[in-house]
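The chain below stands alone and is given in structure tokens; this is the form predicted alone.
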């Protein structure tokens, strides 16, 4: 599986409304990178915008396991998009070099599968630095 731009991927939802559901993420089946870090965020106030950064190398798959999360993205070519994660079987793929701003409903829980361990040097935290970056 090769993905080159930010996009929503619908993962298989297995089960029934009587018994519940499971959705599975598997490396090289529906996750196009080795997972080196997993994290989740929760109890984010609705009036807080998180994100405000991009990564030089890191790739991510992000899920809203609860609630609704809105991502506003922009790549280096200036292409902007808005993605709404409102179901646990929807995964948002975000490749490297994509700026993002994130809005949460209060009950939202964000789960992230990341291609790299945390490295502060991988971040663009200033939008102008991001926009002027050349590989």
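Positions refer to the first chain, counted from 1. If you're wondering where the values come from, they're calculated on a predicted model, not measured in any experiment.
This next part talks about the form predicted together with a small molecule, which is not shown.
Asks: Tell me, yes or no, whether residue 79 is in contact with the small molecule in the predicted complex, where a contact means a heavy atom of each within 4.5 Å.
Replies: Residue-level check for residue 79: no, no contact with the small molecule.
Asks: Answer with yes or no whether residue 43 is in contact with the small molecule in the predicted complex, where contact means some heavy atom within 4.5 Å.
Replies: No, residue 43 is distant from the partner.
Asks: Report yes if any heavy atom of residue 118 sits within 4.5 Å of a heavy atom of the small molecule in the predicted complex; otherwise report no.
Replies: Close contact exists here: in the predicted complex, residue 118 approaches the small molecule to within 4.5 Å, heavy atoms only.
Asks: Please tell me whether any heavy atom belonging to residue 51 falls inside 4.5 Å of a heavy atom of the small molecule, as the geometry stands in the predicted complex.
Replies: Yes, residue 51 lies within 4.5 Å of the small molecule in the predicted complex.
Asks: Mind telling me which stretch in 35-43, 22-30, 88-96, 61-69 gets its heavy atoms within 4.5 Å of the small molecule in the predicted complex?
Replies: Among the listed stretches, the partner-contacting one is 35-43.
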